[in-house]
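Below, in structure tokens: the form predicted on its own, a single chain.
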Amino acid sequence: MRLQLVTWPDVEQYLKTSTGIIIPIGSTEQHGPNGLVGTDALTAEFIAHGVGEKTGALVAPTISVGMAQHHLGFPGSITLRPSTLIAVVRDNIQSLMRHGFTRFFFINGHGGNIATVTAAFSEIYAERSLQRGSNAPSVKCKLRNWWEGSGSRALSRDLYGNQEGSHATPSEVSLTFYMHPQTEKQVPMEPEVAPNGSFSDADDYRSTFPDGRIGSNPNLSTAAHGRRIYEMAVEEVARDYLAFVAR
């Protein structure tokens, strides 16, 4: 169930049987020469909707802009400041808490969000702990990267070996090709597998990784791979969501 596509009485009824909700979160940033700018938000949302269908969970609107300052050297990338993203996450959670939601399961599509979203969770917990005399139900938050399950990692290794890399990966690009088959394409890339390395700000990133990739070869991406990746990720993430809300 998608929150935007139900009525408020539907939400009220849902809360009688579950106080869990899924919140997709990603980023809007470059993903190499053949990857979509919206990859991280699109993949998180796609998998979240699949998990929602599989488990009956309500799925909130996607937080589509995240922590992407280091990608600003590439046209189309958008970022939030850490303090802004913390506020966005807190306001989403606190709005839903008011209605009775207590279990917030974030499906994440962007590694750069992890530290900031975790900090937002800490703000929520601290605020509740400092409320003297509160007997409100406990609130729990979890961030789950869609690609981190053992099955998903094994599938990625089988498909791409050491050409998966860490940004503009063939796994995530394949998933977008499956979602939007009209976007599937290969383009010349040199070298075939991008280098690895570290970076600081946007200018440093662009000079170190001039086509945007890190350690990856997204020309290996196919829509057929994307379907396998999607099915594996939905299976694993759904299992984790059900365990989370059951605790």
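Bear in mind the structure is a predicted one, so any value in this text is a computation, not a measurement. When you see a residue number, it is the position in the sequence shown, counting from 1.
Keep in mind that the form predicted in complex with another copy of the chain is not shown, yet the notes after this line are about it.
Only one of the listed residues (Gln163, Asn145, Thr116, Ser156) places a non-hydrogen atom within 4.5 angstroms of another copy of the chain in the predicted bound form, and that residue is Thr116.
In the predicted bound form, another copy of the chain sits within 4.5 Å of a heavy atom of Pro82. Contact annotation for Asn196: none of its heavy atoms lies within 4.5 Å of another copy of the chain in the predicted bound form. Although the partner is absent here, Val6 lies within 4.5 Å of another copy of the chain in the predicted bound form, judged by heavy atoms. A residue is said to contact a partner when one of its heavy atoms sits within 4.5 Å of a partner heavy atom; Leu15 meets this definition for another copy of the chain in the predicted bound form. Across the options 217-225, 188-196, 49-57, 175-183, residues that bring heavy atoms within 4.5 Å of another copy of the chain in the predicted bound form belong to 175-183. For the stretch 76-110, the set of residues having any non-hydrogen atom within 4.5 angstroms of another copy of the chain in the predicted bound form comprises Gly76, Ser77, Ile78, Thr79, Leu80, Arg81, Pro82, Ser83, Thr84, Ile86, Ala87, Val88, Arg90, Asp91, Asn92, Gln94, Ser95, Leu96, Arg98, His99, Gly100, in sequence order.
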